[in-house]
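Just one chain follows, in the form predicted on its own, and it is written as structure tokens.
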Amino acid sequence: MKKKAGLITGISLSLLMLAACTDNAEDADAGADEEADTEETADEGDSDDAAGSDEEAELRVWIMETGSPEEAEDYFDRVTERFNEDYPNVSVDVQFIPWLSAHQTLVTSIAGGSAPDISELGTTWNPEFAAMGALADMDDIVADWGMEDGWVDALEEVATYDETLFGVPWYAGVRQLVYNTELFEEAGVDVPETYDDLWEVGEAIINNTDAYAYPAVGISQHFVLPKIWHFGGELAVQEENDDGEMVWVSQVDQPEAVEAVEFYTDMYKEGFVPDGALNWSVLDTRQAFAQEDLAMTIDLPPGINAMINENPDLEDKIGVAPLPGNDSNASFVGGSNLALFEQSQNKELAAEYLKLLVSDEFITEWADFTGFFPGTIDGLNDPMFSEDETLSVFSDALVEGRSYPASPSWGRFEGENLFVAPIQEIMQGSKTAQEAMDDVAERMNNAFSTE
């Protein structure tokens, strides 16, 4: 098949840095966050026990490193300055830790009895640490804040374990369809709304342009797994076992899921991407789209910015639309939550600091800084997001988006790249979609049985 030479010759530093911020928040599925009266925010739902305390204490707060450390430090200096207006004798030590080592750092600190008072958690880690008993119950805290119904549903769901809230959404990201309007015009096609549409558009692009069509790549679970929802399936569901306990049961071997995976891998086999895309990750996909060798991709707003930085000529050619869908077109919602740790000796003060971080005063600023969206509904309604032609496509998708099953095992699935090899085996023809998904379901159920 045709197509441009020199595709994917390198990965820019900017894209690598972006991946560290986004895909560890989401890939490691992450990765994505109003203006209000300060006095009103501070007064609402104040804890009677902690408000205005002269108590002396130290809080330890762990936040993931960002690409702009000085700006992040300045942000937290201002949060702490605001906090110290009410709690002048409390010092706050904010440490920035690398995403790649954060999980092990947290596990080690918990085992050693030295967990922080507050930490940022990748959303898929939240159930795992809750199941370990490491996180504090936040139901009463959030009720005191009057924010029981204020969160993005998908993020609240993954912060909930055994019907108890063990973290609060902070910032979020969601992928949508990104397309090259010039290539669409050249191919004479409109934005696809269904998967039948997507197939027709893909064929028209590869037949009528010099570009590939769609990122049916081998290494990106966030591209393939949401399609199982779109075809009417589920990744896993909770069922009651013989002991009356609710347990997770994999559904990826069910007909709807297998059909979705077949559709995705058939796009690869049909030449919607080059053969080398068997080993492409999201970074390679961005590179291909930035070089205008790929007409469509699936990405986050920071990914769009990175591609425009790579090729400024793209700026006037990029269109954004909801994902195509059949039964649904829900996107995976990833991001970060904030959690209080059970080992904290200052939970009430830590809760007050955490409340500031998710207040209208600060949550939207952090979301804007990171290029993501706030984890609160009020934050999403900020005109910065709701009235922007492009960003509103993403903020609307966040409200309707979904999370992966809130199982303690899910983070391990992602760490072990459980879904990568089976998709590549189907693409290479060494297994059928049913055979590959049977294997995945067996591994998932083995892990679920140990929870």
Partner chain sequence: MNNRWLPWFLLAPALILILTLTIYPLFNTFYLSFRQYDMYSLMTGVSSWVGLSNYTETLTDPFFWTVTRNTVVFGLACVFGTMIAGLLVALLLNTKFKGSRILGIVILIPWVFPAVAGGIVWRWMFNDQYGVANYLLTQIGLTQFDGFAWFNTPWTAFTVIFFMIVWQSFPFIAVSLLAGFQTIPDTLYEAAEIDGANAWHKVTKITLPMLKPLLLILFILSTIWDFKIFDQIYVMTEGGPARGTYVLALYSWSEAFNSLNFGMASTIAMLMFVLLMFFIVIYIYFLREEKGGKPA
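Positions refer to the first chain, counted from 1. For clarity, every value in this text was computed on a predicted model and none was experimentally measured.
The protein also exists as the form predicted together with the partner chain; that form is not presented, and the subsequent description refers to it.
Heavy atom within 4.5 Å of the partner chain in the predicted bound form - the one residue of Ala211, Ala288, Ala260, Leu235 that qualifies: By the 4.5 Å heavy-atom cutoff, the listed residue in contact is Ala288.
Sole residue of Gly146, Gly188, Gly133, Pro98 within 4.5 Å of the partner chain in the predicted bound form, by heavy atom: Only one listed residue qualifies here, and that residue is Gly133.
Non-hydrogen atom within 4.5 Å of the partner chain in the predicted bound form for each of Gln104, Asp275 and Ala421: Yes, all three are in contact.
Stretch from 363-371, 201-209, 331-339, 266-274 whose residues place a heavy atom within 4.5 Å of the partner chain in the predicted bound form: In the other structure, the partner sits against 266-274.
Close approach of Glu55 to the partner chain in the predicted bound form, 4.5 Å, heavy atom: Although the partner chain is absent here, Glu55 would stay clear of it in the predicted bound form, with no heavy atoms inside 4.5 Å.
Close approach of Thr390 to the partner chain in the predicted bound form, 4.5 Å, heavy atom: No, Thr390 sits far enough from the partner chain in the predicted bound form that none of its heavy atoms falls within 4.5 Å.
The partner chain contact in the predicted bound form: Asn417, any heavy atom under 4.5 Å: Yes, Asn417 sits close enough to the partner chain in the predicted bound form that at least one of its heavy atoms falls within 4.5 Å.
Distance check, Met246 to the partner chain in the predicted bound form, heavy atom within 4.5 Å: The answer is no: Met246 has no heavy atom within 4.5 Å of the partner chain.
Contacts with the partner chain in the predicted bound form - residues in 434-449 whose heavy atoms fall within 4.5 Å: Heavy-atom contacts to the partner chain in the predicted bound form: only Arg443.
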